[in-house]
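In structure tokens, one chain follows: the form predicted alone.
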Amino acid sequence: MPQREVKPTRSELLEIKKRIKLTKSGYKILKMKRDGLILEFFKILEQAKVVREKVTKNYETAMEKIAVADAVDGVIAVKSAAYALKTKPEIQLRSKNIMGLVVPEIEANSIRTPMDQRGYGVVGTSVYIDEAAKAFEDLVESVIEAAEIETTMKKLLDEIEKTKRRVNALEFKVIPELQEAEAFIRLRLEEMERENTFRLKRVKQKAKA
């Protein structure tokens, strides 16, 4: 706050002191929010590590199972079984609140299909196709879980960065400027008081003379 914009009056001093108090209070709240968000982020990060490993493992398993099914039943039989499936995964998006931040909550339906409802003849296919189908259902489940966690992590990171910028602005710019303005007003008021006292003394001396 440039000093030339500050009026050196007692009412302005009171106003500045109120603003400093409110700003410091807001600063503390934002710091608590930032620290809380960081803690939440590290909790989610641990979950993300587990889910990423799960996705990788499920992907490798699914690739192995489909390769075996291709080798035993043939690529055409595997593709025919895949096209026979009528149900499709359904995604429902909801939201939850983490320290005032809205993050997605994903619920998936119809990922797992019973063997007798997959659309292809059980007699005409081998167990390897069933194993491949189950492996890909596991993979889809883990991918959806990873999508929810990764999105939450991104939103948390964005909010942490935004909150950190606001905390830094208050700590290093707004509060120091307000304190500087308060000090300037106090100094000017003291100078004006000394000048008034000096003038009063001069008037009294002249009156006595």
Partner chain sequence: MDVAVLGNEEFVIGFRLGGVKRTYVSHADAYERTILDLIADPTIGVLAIDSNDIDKLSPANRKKVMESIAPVVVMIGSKEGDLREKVKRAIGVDLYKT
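Numbering follows the first chain given and starts at 1. On a predicted model such as this, the values are computed, not experimentally measured, just so you know. The term rigid core refers to the maximal set of C-alpha atoms that superpose within 1.5 Å between the two forms.
Quick note: we don't show the form predicted together with its partner chain, though the next part is all about it.
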Partner-free chain; cross-checking its partner chain in the predicted complex, the single residue of Ala169, Ala183, Met63, Ile29 with a heavy atom within 4.5 Å is Met63
Have a look at Ala71, Ile91, Met99, Val127 for me and say which one sits with a heavy atom within 4.5 Å of its partner chain in the predicted complex. Ile91
Do Lys43 and its partner chain share at least one heavy atom pair within 4.5 Å in the predicted complex? no
Taking its partner chain as it sits in the predicted complex, is Val174 in contact with it (heavy atom to heavy atom, 4.5 Å or less)? no
Are any of the heavy atoms in Asp35 no more than 4.5 Å from a heavy atom of its partner chain in the predicted complex? no
Counting only non-hydrogen atoms and a 4.5 Å cut-off, give the residues of 129-145 close to its partner chain in the predicted complex. Ile129, Ala132, Ala133, Phe136, Glu137, Leu139, Val140, Val143, Ile144
After superposition on the rigid core, does the Cα atom of Glu171 shift by at least 2 Å between the shown form and the other one? no
Large Cα shift (2 Å or above) at Pro104 between the shown form and the other one, core-fitted: no
Does the distance between the two CA positions of Val68 reach 2 Å or more between the shown form and the other one, the core being superposed? yes
